[in-house]
Each structure stands twice: as structure tokens, then as C-alpha cells.
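As C-alpha cells, one chain now follows by itself in the form predicted alone.
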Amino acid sequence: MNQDVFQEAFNRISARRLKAKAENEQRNQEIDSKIPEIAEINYQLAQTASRILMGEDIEILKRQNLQAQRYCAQLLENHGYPADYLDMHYTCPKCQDTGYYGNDYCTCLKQMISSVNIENMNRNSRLKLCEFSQFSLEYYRNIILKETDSNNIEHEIDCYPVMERILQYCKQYAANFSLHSPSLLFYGRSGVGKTHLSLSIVSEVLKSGHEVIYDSICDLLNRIENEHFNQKFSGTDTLTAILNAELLVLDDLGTEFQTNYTLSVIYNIINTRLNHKLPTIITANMGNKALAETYDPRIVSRLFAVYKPLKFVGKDIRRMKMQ
């Protein structure tokens, strides 16, 4: 485990505990001033240990304390407060924001380690987030393309309505995202908006609090390969983070340097996330025929049979902007 990542995660958990204690102190001070009777009861409860040392019956003291606690809860409700207003409200009641449960790390600390790791990965990503509001359909207006289907029949495609439907689908996907959302394959020629819309989805999904990893497939594969073969990267585990992220976006499938190792990693990522029912978005600057010629049939069949394929159409927007 990367010690810097662990320390950052542990510090965040510890900060939660300090915050819970500070907020509890504020609530107690508020009630002391507004309901002095509760302050007196709490003072009496605090004397329990010394009363036990003085020889008072423990069972009697327990009953008295329980009665006093119930009376305090009733007083709080009578004054418009929740009955548990003076309780300590930890973010994780299981470990009380210590990060440890029993002899192991608590689930909350493990999740925080994952979150910090993903934040670091995204911070180093070359991709920059986009917004739906920046996506203009005007680049597709009056663009008519001719394409030949598998039966060698030529068709005309009006790009505007196709991309309008894709834009609306992406907006709904982002707005309604959950771990049950489908995986998506954005494919088509370069420069027609695949990366922009995938990163616009990421931007919205991140706002809803989900963990997302987004980067080019080249960069992610390079990290995984370095960690696998290079000792100086020990302690980091990009592949595990990728396999478990709530949403994964792999940009530019097909641009990676293909070896038996990288192809096996790509298959592992796609297959494992499908088995775990975790959504993935993949963009590719090629059509289904080129994908079939490039990748193992097991990969291609999953991309077109299990993923929802969305074919992007249009002319290269980057060139249009330059012109």
C-alpha cells in the first residue's frame, strides 16, 4: 500500500472524528444554556464513577442513569430537539471514525484509501473535464454523410438528428447515473465529440458523489504495466482501482501499443467490470469492422453485445474550428 495515500486517507478519517467531537461540544454548550436542567443531570451522571468507588450499588446506579438518560431525551423532545441531539454523531458509527474495527482497517478507511487513490489518478490524467453546455450541435447541422452498410448499400446520414439524440441520451445517462447504469461504447471517426460527451458525463457523475476514473487507455495501460514490471512503483495498484471504480472511462481504445500483455489487461478490465456489474464508458476512433479486425472476438462480442454502442457521426470538429 502506498504510504502517502494511506496517510492522507487516515488524516481525513481523523478529521471527521475531530469534527464530530467539536460539533458535539457545541451542541452540549447550546443545551446547557437553553435547558439548564439537562446540564445538571449530565453533571450528576458524570459523578457515576466516583459514586461506585464510594461503594454505592452498581445495579441501582445503572437503573438511575438509564432513567436520567430517558428523562433527558424527553426534555430535548419537549423543547423541539431530537432525542439523540446530545449523542456523538460519527460519520462511521462502526469504528467511530478511528479507521479501525477490531484488528483490521474499517471499511470506511478502505473506501477512503480508494477515493484518495482515484483522486490522485484523475489529477494526473491528461484529459480535462468538459460540460454539456460547451457541446454545440451546430457543428453537425447540414452535415450529410454517405456510408456503405455491410450489404454494400450506400446510405445518407443526416448528422444533426443523430447527434442530437446522442446528446440527450448522454445527459439523461449522467442525470440518472447509478451502479446499475449500462456500459457504453462511443465509436466513430476522430474529432466528432466522443471524448467531449464522455467527459461531460464524468463531470456530472462526479458532482453526484460517485467515484470515477477517467484517462486515455494508453496512459492507464502504461501505469499498470509499470507497476507490474517495475519495482519502484510498488505500493500502488492502478489495476485494482480501475476494476472497482464506480464508473470507468477509457478514452481512445485502439491507440494503445498492443502486446499480449496489454490485450490481456484490456480483456480483464472489460470482463471483470461486466461480471461485477460496474458501468464503463469506452471511446474508440474506429468502427465495428475495424474493432473486429483489431481485437480478440471475446472483447468485440462484449463491446457490441453487452455494452450499448453509440455511433458518433459528423466531420472532424477540431479541423472545422481551425478553419
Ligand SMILES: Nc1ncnc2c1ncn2[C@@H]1O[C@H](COP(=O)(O)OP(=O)(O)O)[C@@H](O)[C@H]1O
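One-based numbering along the sequence shown. Being a predicted model, the structure only gives us computed values, none of them experimental.
The discussion below concerns the form predicted in complex with the named molecule, not included here.
Contact check for Y139: a heavy atom falls within 4.5 Å of the named molecule in the model of the complex. When contacts are judged by a 4.5 Å heavy atom cut-off, T195 counts as touching the named molecule in the model of the complex. The named molecule in the model of the complex is not approached by Q172, whose heavy atoms all lie more than 4.5 angstroms from it. Although the partner is absent here, G191 is a contact residue: one of its heavy atoms lies within 4.5 angstroms of the named molecule in the model of the complex. Screening N124, Q134, N78, N176 for any heavy atom within 4.5 Å of the named molecule in the model of the complex leaves a single hit, Q134. The candidate stretches are 214-222, 240-248, 183-191, 99-107, and the one lying within 4.5 Å of the named molecule in the model of the complex by heavy atoms is 183-191. Residues of 8-45 are not found to place any heavy atom within 4.5 Å of the named molecule in the model of the complex.
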